[in-house]
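One chain follows as structure tokens, the form predicted on its own.
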Amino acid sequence: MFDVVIIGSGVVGASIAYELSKYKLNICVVEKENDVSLGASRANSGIIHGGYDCVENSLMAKLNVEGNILVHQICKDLDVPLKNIGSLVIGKNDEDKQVINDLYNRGINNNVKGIKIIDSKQLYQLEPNLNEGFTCALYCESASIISPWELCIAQIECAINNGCKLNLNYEVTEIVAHNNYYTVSNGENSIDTKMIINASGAGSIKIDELLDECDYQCKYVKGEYYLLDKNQSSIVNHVIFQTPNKNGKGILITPTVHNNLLVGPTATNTTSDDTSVSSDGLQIIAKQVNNIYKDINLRENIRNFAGVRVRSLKKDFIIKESTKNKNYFIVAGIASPGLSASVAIAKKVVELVSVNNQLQQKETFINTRKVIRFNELSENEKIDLINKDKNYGRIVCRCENISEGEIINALNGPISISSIDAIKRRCNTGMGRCQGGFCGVKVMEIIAKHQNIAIENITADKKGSYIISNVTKKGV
């Protein structure tokens, strides 16, 4: 019998697992995919927003501002890449100035720190490569960029190190409510638990319907992106937003923590699992980019991708205990700024859980983690590391300068890995210009050898995405 089952291992589910693992609880996270962070948590803009955009007095506004502050310490403790580069909402005309002034006032009312309206001269000092004609901007110095999947992985790993169990490839198909506990099943195996926390993202409604719980509506919005090569990142210094208007917020442009440039997203109503990329979507992005930075070259694109974000029609986060089923907690509609708010959302969930359940903090809690990133070491540090472990002397991914030692470290981690992209999310292999064209096979060989599995059973990413179908001929 578990005390808590958390359904979903995106950044919100991971944050909840991390926060609850501080207490004397028997916790299990169940995830339908073969790795964590495979939904919206890996396909978003990677921004920790300031919080000026959220509707005043909303749960979204409160948790965004709190999360913006809290995430810095967690990233420091768990060695997650985060850079505080600030953001700008740029405008050209009187209408834009009015919207920017409204955003500023909203930010002040939301207790956002470090926001101010700047003029053209100040703007071009911060962003000298902007196209001409911008006259003002809202500057928010508390905005940051982050690697969202690395935050998710780090928190789940930390939770596991503190006793949490993770069940991958476990798609919940049935939930049965008993007098004082629940049975969660995937059709093959069942788990008994005193509490359930539904943090399944785009799948939240489907899970709630298993208990006839769903009293809210959501819509699914697809966002398509360009990921540009590192040679484009120096053009932009901050996260750049366009002034929102009646047609929407438009695309944003931001450096990434891995020194690429990210452009997007579009906003298209879709289904919960539509992550296709369209030529129409990419053309929308291209047109808007040219209006902002003439020097950005979309031909330096190394990858296009899309993510689906789920929005509740009430336009706020849904975080509550069920009124029908005691100790069934719903965490849904976590659209942007869900990543920014995730660690604060987790603390909010702990507050709700503690109302009916007496929580006792552990005497000891492992709250640190260290990741070796070979390409960030000094030459002397690299030499010392290679002398201790020769695996660090073998560079597997030449685009990103990733060593075999780092891959083996990831494979030795607390989460079982069986895909190339699982290594990519942990080590950055295949993130460079060739997108794994040269290192992919070598990564497969390392996984197969270390995990003692047949190479044809290794997937590119999600289950079923096999790379090798059969042997064509044997070597002689």
Partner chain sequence: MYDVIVVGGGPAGLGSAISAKQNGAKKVLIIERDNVLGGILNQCIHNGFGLHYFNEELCGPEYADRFIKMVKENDIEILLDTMVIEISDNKEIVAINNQQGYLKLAAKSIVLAMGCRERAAGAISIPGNRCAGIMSAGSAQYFINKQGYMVGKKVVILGSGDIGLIMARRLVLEGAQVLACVEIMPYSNGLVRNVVQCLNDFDIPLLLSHTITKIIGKNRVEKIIVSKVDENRNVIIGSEIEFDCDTVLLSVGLIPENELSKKANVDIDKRTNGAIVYDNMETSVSGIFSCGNVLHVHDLVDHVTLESLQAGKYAALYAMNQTINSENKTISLKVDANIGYCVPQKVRLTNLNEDKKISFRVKKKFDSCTIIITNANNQEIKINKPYLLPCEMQQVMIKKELFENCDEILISIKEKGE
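Note that the coordinates shown come from a computational prediction; the quantities given were computed from them, not determined experimentally. Residue numbers count along the first chain shown, from 1.
Not on display, but discussed next: the form predicted in complex with the partner chain.
Shown alone here, Leu313 lies farther than 4.5 Å from the partner chain in the predicted bound form, counting heavy atoms only. Using a 4.5 angstroms limit between non-hydrogen atoms, Met1 is distant from the partner chain in the predicted bound form. The closest heavy atom approach of Ile108 to the partner chain in the predicted bound form falls outside 4.5 Å.
When contacts are judged by a 4.5 Å heavy atom cut-off, Glu56 does not count as touching the partner chain in the predicted bound form. The three marked residues, Ser279, Arg398 and Lys463, each reach the partner chain in the predicted bound form, with a heavy atom inside 4.5 Å. Only one segment in the set 59 to 67, 433 to 441, 22 to 30, 44 to 52 has any non-hydrogen atom within 4.5 angstroms of the partner chain in the predicted bound form, and it is 433 to 441. Among Lys324, Lys294, Lys83, Arg394, the residue placing a heavy atom within 4.5 Å of the partner chain in the predicted bound form is Arg394. Think of it this way: in the predicted bound form, the partner chain has a heavy atom of just one of Ile302, Ile191, Leu78, Val221 within 4.5 Å, and the residue is Ile302. Contacts between 225 to 262 and the partner chain, taken as any heavy atom within 4.5 Å in the predicted bound form, involve only Tyr226.
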